[in-house]
Each structure stands twice: as C-alpha cells, then as structure tokens.
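So this one's two forms of a single chain, laid out as structure tokens and tagged structure 1 and structure 2.
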Structure 1
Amino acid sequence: MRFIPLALAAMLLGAPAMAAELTGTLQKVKETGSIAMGVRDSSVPFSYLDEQQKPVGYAIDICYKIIDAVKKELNLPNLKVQLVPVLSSNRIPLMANGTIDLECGSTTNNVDREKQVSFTNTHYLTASKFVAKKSEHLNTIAELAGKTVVSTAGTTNIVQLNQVNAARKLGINVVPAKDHAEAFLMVETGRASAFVMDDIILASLIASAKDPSAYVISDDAFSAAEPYGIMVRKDDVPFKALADKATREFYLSPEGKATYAKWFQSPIPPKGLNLNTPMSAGMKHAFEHPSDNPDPASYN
C-alpha cells in the first residue's frame, strides 16, 4: 500500500505537463506545437492582405489575442502560427478536417450555422443596407421600387432583399452577383441601381472605389444588425471556453476599443483608407456584454 502516496505524488507532479487531459484542438496544438488560423484575402478591414501580402485586420488582431491565451494555457511560448488562406466556400471543410483551428474573418453567426460550427463572442454587428450612386437620389427601401437591384448570390442579404420585395410588393428586379466586387461593379457600370449588402462591406467597397464621393449608403436597413464571430470547431468545449475568455477580456479592456478605432476610424493599409465607422449602440453593447448569441435581437 505504500505505492499509493508515491503514485499520487507522481500524478501531482506530472499533472501540469500531462497532455492526456487535453482534448480536441488544444490537444492537437500541444502535440504539433502549431495552430492554424484561417484568413481571408479581401475581407476589409476584418481579414485581408496588406502591401507585403501579409494577412492583417481587426479579426486577425482578435485571433492573436486568442492565440496568446493558448500559448499561456499550454505553456508554449514558441507556438507556431500557420496562416491558411480560406474562401467562404472551403472554410467549413477545412475546419472540419483540421486544416484550420479558427477562422478569422467576417463570418455571420446564425442559428443554422451553429448546427455545424461554433462561434466565440461577437466581434462586429452589421446591418443589411444598400449602396447607390448619389446621382440616383435613392435613400429609402421604398424608392427602390421597380429598379434593378443587385446582391451577392448565396448571402443572407439577398434573401432579406427578396423577402422585403415580396412582402412590400415593390417589384424590384433582384439580380444575383457572384461576389461583392462584381456586385459593386454592376452599380458602378449602371447595370444595377443599388447593391444590398452588410453596411461595413459597402463602406470598404466605397472607400476603395475610383471616386468614393459618388456613392452613398442608405439609412434604411433590411434587417436588424447581425453578429460576426470567430469560427471554431463545434463541441470543442475547452478550446471555445479559452477563446471566449480571451475575447471577453479583450473587449472589456481599453485595448479592445483602441483596436476597433485602429481599424474602423483611422487610415488602414494598404492605401491609407479610412472607413469612418464609429461604434454603433449595438456594438458598444456587444463590447460591454460580450456574448456569442446568434440572435440579432439580443444586441439591440
């Protein structure tokens, strides 16, 4: 029976270094000594490439906070960070097969998607609005009646546009576009009168347009502001808890607000554009009460 104290002592001594207790992503990170971060190439200002083709952005800054927490938790100061470019069409398979451990971009957190993946605390809220040329004098949804309006195929925005169009019998000719750049091009070339999209994406498209002063974003919104979150694997409780704690501390700290101002209210690389988007009331609420709730109503 004198083995028991020995065994106990061994367990206690060995405990901090034992990887056997870890599961999921944390276990994988501990074993491989590296963590893989999914990044986007053109999701300004959340996750995009700067002039050195290095991924930068608001969501990337937040992801590095999560990675700092992982380093501390696993006692891995030299943790390697792999940056993996992802698209909206391959982010799910890459997350499912373990190529990426967290996705840092502008992915909307909603109930349907939560059946497949999980999201950490909301880092941005965006409402569905429309952009039009100033010369068209369009500012309310009602004024779009009978016009050709574009939105990006496969987004929740085009769904909301279709719903409003049907419910209010506006007779809008809804045209789907392949991506945001093409949709904006359709407004620029006059193929469409307006482009319905998340307001922050519209702001960044305008900021990078040939003549930013020619465009205006509507005040009218098609939806309540929807939350964006950092995507992590579903049912990986320890990793999500760690990510939630890290993001929560970050949003509540002054550094959180400073980081927001850095990306949304100051000139950003590569061209020194300023998106001029101060925190909305919902955004302030999301920072003061960090939450991963997919329900837009909980933020207003």
Structure 2
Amino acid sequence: MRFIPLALAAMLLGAPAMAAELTGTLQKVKETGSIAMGVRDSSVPFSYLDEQQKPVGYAIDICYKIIDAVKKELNLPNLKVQLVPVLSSNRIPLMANGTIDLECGSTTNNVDREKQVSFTNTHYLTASKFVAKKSEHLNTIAELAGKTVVSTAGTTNIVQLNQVNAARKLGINVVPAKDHAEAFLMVETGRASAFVMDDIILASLIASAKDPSAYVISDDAFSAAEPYGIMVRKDDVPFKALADKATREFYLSPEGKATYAKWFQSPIPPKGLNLNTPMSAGMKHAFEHPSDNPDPASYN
C-alpha cells in the first residue's frame, strides 16, 4: 500500500500540461473557433482598406503573426479570423467588453491606457504634430492661436491638443472628427486650419491627397516620439505572453525588417504611394530590443 501514493504522485507529475486549463482570450478562441481582430479603415499604412475594401497594412501583417502563434498553440489550423471595424473612439471599449481580441492599427501605448488595456511589443514610434495648407503659413503651435483645429476623437492627440491649448491659453477652437479621413477633409475644404495627429498618419494622408504639394507638416510637436503597440486585453497574461513572444521573434527576424520596408519604403496599395520613411534610430532600437514600455524616453 505504501507504493500507491508514489504512483499517484508520478501520474500527477507526468501530466502538468494536460491539467492546465485555458483562460481568457485563449479559452474564448478555443471554444468559439474564431478570433476577432479590430481593424481601421484609414490608418495608412498601419490598417486601412485597399481597392477591394479589404483591410491591409503593417499592423495587420503583425497581427496575423500573432494569430499564427495562436493557431499553433491551440492546434487550430483552420481558426476563423473575424474582422471588426473599430474607430479611435470605441477601440478600447470594444477590447474591454470582449468584442475584439486584438486591435491592429495605430494605437499609442501610454500609462493611462495601460490602466484599461495592455499592449504587445512596440511596432512604431511617432510624434504628435499638425498638418496645414502651405497657404495658411502655419508651422508652430503658437501660430494656431485663435484658429479652428481638428483632431480625431478618442486619440491621445486630441488630449494633447486640449492640454496645450489650456496651458498656453491659445484660444484654439478644438473640433473632434470621427476618423482621420474626416479630419483631413476638414483641412482640405478649409473648415479647419490644421489637423493634429501622429506625423506618420499625416504623411500618409498628404501622400494620398489630390495635391500633396499643397500641405506641410509642422516642425513643432505636441509630444516626444511615442510607441504604438498591438492592443490586447488587460490582465490576460497567457495571451499577452503568446503575443509578446510572436512579435519579439518577428521583429528580431529578417522578415520583420522586410515587412517594415514593404509598408514604409515601397509603393503600397491602392495608389502605389511610397511614404519614403526609413527606420529612425529609435525604431531600430525598438526592433533590436523588443519592449512594451510606454515611456517614450526608453526608446532614445
């Protein structure tokens, strides 16, 4: 009889993986056989619609690397991917309530947002600036005093704009837009003097404009270079660990650098535009040392 406890112990020690139960997003994905990816329609080149109205972009390519890791982890080669359109204003609530499982776009990772959601390793660094028509002769934040300035609702950019406006008493009429396309259209049609947004988003919108030469991006910035990350649910440790591992391996690989060049240094759909944006020193550091740190200073 004294050998029975030893036998039971051996059986228990021999099957830890079998006993581990799935939780959070991985459990949901396993049970439903699908994963919900939040996508944007105008965040070029991160997540936007091509000529067939199909979501494409740099962040979407990264998300599919995470999904490949999920397929392997759960042994679900035929995992269904559900594409869910999101806006800047609803992406965090849709993540928190379980509508989407990962968000693939141009979402800034910062301390405030980390109270509600989590982020994978940084995939881009950008600063908050403004675009205006050259005919407006605007280049500094001070020159926006008394002007109508638009920014996209639900972004860190409109928060920064409001903070600077109040702190410096500029008297700017701040107008929220539902998305980046609407905001740029307001500048294009003269309903706003400037549009405050991440510099790479502004560059992509200018490149897509009827007359790109008519616009200029400010030298003045509302922020230091801030990190973008793929958004996942807060406190979902197993899923975030899987996403972190997948993105880390991707960024450290030749494929990661090739994917960056594909979207930032090559012609992209639908018009064959080339953003001509090589990796900055900060981006090279982020790829060589993958991190989910929200502090811009950590990427210097």
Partner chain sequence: MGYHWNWGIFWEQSPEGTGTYFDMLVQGLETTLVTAALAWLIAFVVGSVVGVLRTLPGRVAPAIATCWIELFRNMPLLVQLFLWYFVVPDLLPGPWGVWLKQLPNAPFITAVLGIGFFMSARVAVQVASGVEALPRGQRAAATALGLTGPQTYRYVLLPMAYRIILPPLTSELLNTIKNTSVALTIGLAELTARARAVQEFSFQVFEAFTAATLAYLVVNLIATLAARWLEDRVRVPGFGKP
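By convention here, residues take numbers in order along the sequence of structure 1, the first being 1. What you see is a predicted model, and the numbers here were worked out from it, not measured in a lab. We call the rigid core the largest set of C-alpha positions that still match within 1.5 Å between the two forms.
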{"item": "Structure number of the form predicted alone", "value": "2"}
{"item": "Hinge (C-alphas switching from one rigid part to the other between structures 1 and 2) among V29, T107, L125, S204", "value": "L125"}
{"item": "Whole-degree angle by which the smaller rigid part turns once the larger is superposed between structures 1 and 2", "value": "20"}
{"item": "After superposing on the core, C-alpha shift for S135 between structures 1 and 2 in angstrom", "value": "6.5"}
